[in-house]
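The chain that follows stands alone, in the form predicted on its own, written as structure tokens.
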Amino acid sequence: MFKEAKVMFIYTETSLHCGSGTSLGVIDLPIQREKYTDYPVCQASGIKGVVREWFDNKYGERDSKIKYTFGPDFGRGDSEAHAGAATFTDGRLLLFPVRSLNSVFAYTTSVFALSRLRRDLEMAGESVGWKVPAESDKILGVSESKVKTGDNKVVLEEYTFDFQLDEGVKAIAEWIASNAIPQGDEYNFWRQKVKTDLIILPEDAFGDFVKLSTEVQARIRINNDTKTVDKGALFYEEALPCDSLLYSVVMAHDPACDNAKRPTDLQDSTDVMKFVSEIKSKRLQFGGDATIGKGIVNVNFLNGR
């Protein structure tokens, strides 16, 4: 059982393709989705692999702290079988950007997504001062909202919704701005935007947007000889849009080996969590299509209890 846990937020700075393989549907290369909600997700194995790669690049693949934190890599010659001391959950969706008639786009979420975040925060030993609003058939937002129109409507894509003021949303927006959005100066605009443009959608509407409003790009392959498109080389690829926010819970336990084998600065779960937390405020590359600029994310850890 884990002894330490922290919530790690993942903010997409470019579109993100965590692919699920090929499909027989309209989209040839869809993104990973949860089975029961159909929400976009980044599977835990992919997150763990990206984080490990970052440490490999910083410390070298043979560093013993990496082996005991993430587990042995038999492909690199490790022979001792043991579990890694760090565990990552799937990256769950919290905020999804949707094009808005006013203010370019809105940060959307739902009662379910917020409730699940609260449950995961509780698992990580974190308490928050805000409460999840009751479900509504209207869009909930703050009085300073810039996405609502003069007649108290919100237009997202081609759909119009009634707007309802809910003061509870303000506390949620301020908490997200202070804790989940990256804290660098370059993020001042986005921290202010989430305070005014966070809206809570009816559950079905949020489910439809995260399913139908992802980015779908047509891609082709050029024949090097003819300089034309190869026959049958047109395919469609899906991606989670830029300015989406996901989170994963990172858990740590003591290294799975005798005390004598543990590296000096990796003696227990506290050391493991401190080690993994070195990626805080760092930019990592998640998912596929790295060479065309996809998957750049900013990682932010929620600070201590």
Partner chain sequence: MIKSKEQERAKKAWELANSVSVGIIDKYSSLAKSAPVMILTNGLGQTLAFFISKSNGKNEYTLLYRHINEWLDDNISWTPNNEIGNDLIEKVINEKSQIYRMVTEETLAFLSWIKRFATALTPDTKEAAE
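Numbering follows the first chain given and starts at 1. Values in this document were obtained by computation on a predicted structure and should not be read as measured data.
One more form of this protein exists, namely the form predicted together with the partner chain; it is left out here, but the text below deals with it.
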Task: Contact at Asp28, Phe161 and Ala205 by the partner chain in the model of the complex, all three, heavy atom at most 4.5 Å - done: yes
Open item on the list: Using a 4.5 Å heavy atom cut-off, which residue among Ala81, Ala134, Leu212, Ile220 comes into contact with the partner chain in the model of the complex?
Closed with: Leu212
- [ ] Could you work out which of Leu165, Leu101, Val216, Met123 is the residue within 4.5 angstroms of the partner chain in the model of the complex, going by heavy atoms?
- [x] Val216
TODO: Have a look at 152-160, 115-123, 188-196, 221-229 and name the one stretch with heavy atoms inside 4.5 Å of the partner chain in the model of the complex.
DONE: 152-160
TODO: Check whether Tyr236 has any heavy atom within 4.5 Å of a heavy atom of the partner chain in the model of the complex, and answer yes or no.
DONE: yes
